[in-house]
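Single chain ahead, written as structure tokens, the form predicted alone.
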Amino acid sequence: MSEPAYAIGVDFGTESGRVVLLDLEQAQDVATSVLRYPSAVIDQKLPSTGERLPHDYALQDPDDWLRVLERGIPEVLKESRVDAAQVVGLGIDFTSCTVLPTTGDGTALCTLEQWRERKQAWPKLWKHHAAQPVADRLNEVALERGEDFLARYGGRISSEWYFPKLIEVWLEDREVYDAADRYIEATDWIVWWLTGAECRQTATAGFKAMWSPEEGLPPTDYFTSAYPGFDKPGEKLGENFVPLGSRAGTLRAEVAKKLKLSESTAVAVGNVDAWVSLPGVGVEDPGTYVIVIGTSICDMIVHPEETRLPGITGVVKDGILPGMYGYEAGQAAVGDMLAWFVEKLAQDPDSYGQLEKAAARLAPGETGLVALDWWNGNRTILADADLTGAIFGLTLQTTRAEIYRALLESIAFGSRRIMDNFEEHGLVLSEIVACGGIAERSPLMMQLLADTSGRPVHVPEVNEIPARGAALFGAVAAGVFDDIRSAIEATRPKKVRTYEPDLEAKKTYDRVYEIYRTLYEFLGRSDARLLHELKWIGTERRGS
């Protein structure tokens, strides 16, 4: 790089967006902007009408996303005093599967007056779980028909994915469905808005829409067997998908003016917040378990070979890094679960630090508690959004700190269960690399991951890792690097905090984990009806 070159990465999370300006020669971020979404997660009332939303709805406002771009990018340019002409590339990542209906020119349906009062016209956030009955039906039919594609997704379709959400629209509001020319991942929609070109990538199509380059979508008669009349499954998805790292285009003139950037800025195809974390933390080889810890957890590994194992979110060729099979798993409630405890029970939003210190003073096993981390259902390996959380071992002597530690331990046990599943099917894992807000702020959580799994945990000391990874894809799109592996090699973080496992602690946690896994199998598989029934009764009584 003869001239200074910079790339911008924009990370769209669940409740906020982050913009990072990355110096590509120094591999350092020079400015960051964090903007919360004014509407955050819309799960109570529809903003346009005040209509109470049904249980398990989670929507978002696309205007919040555009605000991140229009305010955040000019802010980092102003803070850094970098000339816009030196910003050569722009990459974005997004939560997935967050999807929205649009017109043929890319206008979000909910921004049009005609459709603003219809809840099915709004974007559905990844954790919108109201489509669980649709997912259940799709799973039932896939198993009855012996569909081969199901093995790529651990044997179970999630309610968080593309088709359960799309079919929910088809079932609930046919007028919205017919008005939508596209139903599109938010990551692809943002790129469309930036460039004026609809350019969908292979990764979310593979992981979330059950598409593969060899087989395409599942057969049409599979869908019509589940839902007679739903006979054009691909009409809102499209047929053309490009690999991660591809260049989608350059900025539209109108957008470049708003963002204070040059029209020549290259824009990479969209990506997903968790997946871009691999290049962000410098991982490119098998054997490393990358865990992104925030509102939820996304777990990823890459491997040169495909193994179809049960219970994972999916395995997709070139799905995370080119030339490798990407494997994804995860936990649905992590930061959300801790926030529930702090806000609803502790009732002190400033008490995280105090609870962390108090919980850290407790020894492994001292709480006498074990929890199931299913506050937002189970993503992996049970893939059941109707499961609910539980805490066992409570007594009249149980303290807030003990419950908080038990919740942290349940996150670690949930991760170990996922790692066990990988290793039981031949994918050996030697170390953990963790990133995300909780990885940065909770040393106790990191030590628990090490102690429960018996593996070292490495936390790279760089900020806003997903946005950093997105910026690297932007740099590849601009031609600064030949490919994403070259970008990883040139920018790998140099400072890393490592948490080594305490083997004595692991002996105790092995005993607690045995109890956790017994409860996990009983309440998650053999008698899952117990927690399902509790949830359904509660939903009926709330009238939604």
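Computed from a prediction, not measured in an experiment: that's the story for all the values here. So that the term is clear: the rigid core is the largest set of C-alpha atoms that superpose within 1.5 Å between two forms. Counting begins at 1, following the sequence as shown.
Separately, the form predicted in complex with a further copy of the same chain exists; it is not shown, and the next lines address it.
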For the chain shown here without its partner, which stretch in 146-154, 161-169, 337-345, 206-214 has non-hydrogen atoms within 4.5 angstroms of a further copy of the same chain in the model of the complex?
337-345
Within 4.5 Å of a further copy of the same chain in the model of the complex - does that hold for a heavy atom of every one of R71, T111 and F230?
no
By the heavy atom within 4.5 Å rule, which residue out of D451, E464, E440, E402 makes contact with a further copy of the same chain in the model of the complex?
E402
Single option in L519, V496, V34, V41 placed near a further copy of the same chain in the model of the complex, where near means a heavy atom within 4.5 Å:
L519
Residue contact check: G365 to a further copy of the same chain in the model of the complex, 4.5 Å heavy atom
yes
Can you work out whether E3 and a further copy of the same chain are in contact in the model of the complex, taking contact to mean some heavy atom pair no more than 4.5 Å apart?
no
Can you tell me whether L24 touches a further copy of the same chain? I mean in the model of the complex, with a 4.5 angstroms heavy atom cut-off.
no
Partner proximity in the model of the complex: T395 to a further copy of the same chain, non-hydrogen atom cutoff 4.5 Å:
yes
Counting only non-hydrogen atoms and a 4.5 Å cut-off, give the residues of 505-521 close to a further copy of the same chain in the model of the complex.
T508, R511, V512, I515, T518, L519
Rigid core superposed: E402 CA moves 2 Å or more between the shown form and the other one:
yes
Please say whether, between the shown form and the other one, the C-alpha of Q347 moves by 2 Å or more once the core is aligned.
yes
